[in-house]
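Here you get one chain, nothing else, as structure tokens; it is the form predicted alone.
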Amino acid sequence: MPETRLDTARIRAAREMIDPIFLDTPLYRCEALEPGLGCAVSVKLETANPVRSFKARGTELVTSALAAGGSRAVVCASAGNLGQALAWSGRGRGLDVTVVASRFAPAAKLDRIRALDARLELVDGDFDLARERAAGIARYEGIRLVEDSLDIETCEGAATIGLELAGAAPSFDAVLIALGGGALATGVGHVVKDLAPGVEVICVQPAGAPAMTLSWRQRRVVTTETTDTIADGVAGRLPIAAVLDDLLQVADDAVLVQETSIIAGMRLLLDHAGLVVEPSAALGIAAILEDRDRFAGRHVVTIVCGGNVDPDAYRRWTGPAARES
């Protein structure tokens, strides 16, 4: 493997620190999806756990180490899913958890963070402003700041998904991974390239939040002034250089998809797989819809990374009125 911050031996060891409830999530071929997509599609279902996303694999590593070291408090910025995961993992280990989020984040995600006994602070801005505020709290209170994708635990926790994919049978030709800050893509990509190097690693990001994809293409950090996407979980503006370096070593491609394709992907997953997913989790299906010829005749795995969606917004995207428009 080329040099990255990630280590496969350490990722194998990480499985022992993660609550088994988050491991070995369902992986199955979903034949009902295939007529509309023109390829064999397997789904890795990371919503089948108490926080309905993959993020707890990483927060389990963070909070295990903090509790073992005697720490009592931790703070993070979150678009919603990391905050829920950190609150869940921290509560189980007696940690005081603070989550900073945008007040414009989906209400369902914010309500769940509160329900998990975390202190929630809202900012009048986007995720990257929340990152700044969380860093300020960490400095002022002298507590651990968890930075998604920068902290190696968040990447190597996500990478345990890669171990499960690499050990699957039958094998597959490509894995489609939602790309935001990069923890999921770098983690899974690292393990896949190490253990199944013939598998194509394709990262997928909304065209309305393209910063990491543009950075990957130009091999340097590219920032954007704003984001405009319903996929709030991947809507960052400021890529992290160290994470980009890791991504450059493992991603075969990074593609951008349109909002209409994301919504169409959510509908397909609902209608043909019975899955209620948030927009970020439909990015892989969106990528197939936009480039059927690329995937024709291949076996593709898509990681359904989160299912924390605002019910009212979901109905607008997938309900009868939306389908008629």
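Residue numbers here begin at 1 and follow the sequence given. What you see is a predicted model, and the numbers here were worked out from it, not measured in a lab.
One more form of this protein should be noted, the form predicted together with another copy of the chain, which is absent from this view; the next part is about it.
Novice: Just one of Arg133, Arg237, Arg91, Arg119 has a heavy atom within 4.5 angstroms of another copy of the chain in the model of the complex, so which one?
Specialist: The option sitting close enough to the partner is Arg91.
Novice: Are all three of Val100, Asp124 and Ile230 close to another copy of the chain in the model of the complex, meaning a heavy atom of each within 4.5 Å?
Specialist: No, because Val100, Asp124 and Ile230 lack any heavy atom that approaches another copy of the chain to within 4.5 Å in the model of the complex.
Novice: Please identify, from 283-291, 256-264, 56-64, 23-31, the stretch that has a heavy atom within 4.5 Å of another copy of the chain in the model of the complex.
Specialist: Correct option: 23-31.
Novice: Looking in the model of the complex, any heavy atom of Ala48 within 4.5 Å of another copy of the chain?
Specialist: Yes - in the model of the complex, heavy atoms of Ala48 and another copy of the chain come within 4.5 Å of each other.
Novice: Considering non-hydrogen atoms and a 4.5 Å limit, does another copy of the chain approach Ala40 in the model of the complex?
Specialist: Judged by the heavy-atom cut-off of 4.5 Å, Ala40 is well away from another copy of the chain in the model of the complex.
Novice: I'd like to know whether Gly274 contacts another copy of the chain in the model of the complex, with contact meaning heavy atoms within 4.5 angstroms.
Specialist: Heavy-atom contact with another copy of the chain at 4.5 Å: present for Gly274.
Novice: Closest heavy atom of Thr318 to another copy of the chain in the model of the complex, within 4.5 Å or not?
Specialist: Judged by the heavy-atom cut-off of 4.5 Å, Thr318 is in contact with another copy of the chain in the model of the complex.
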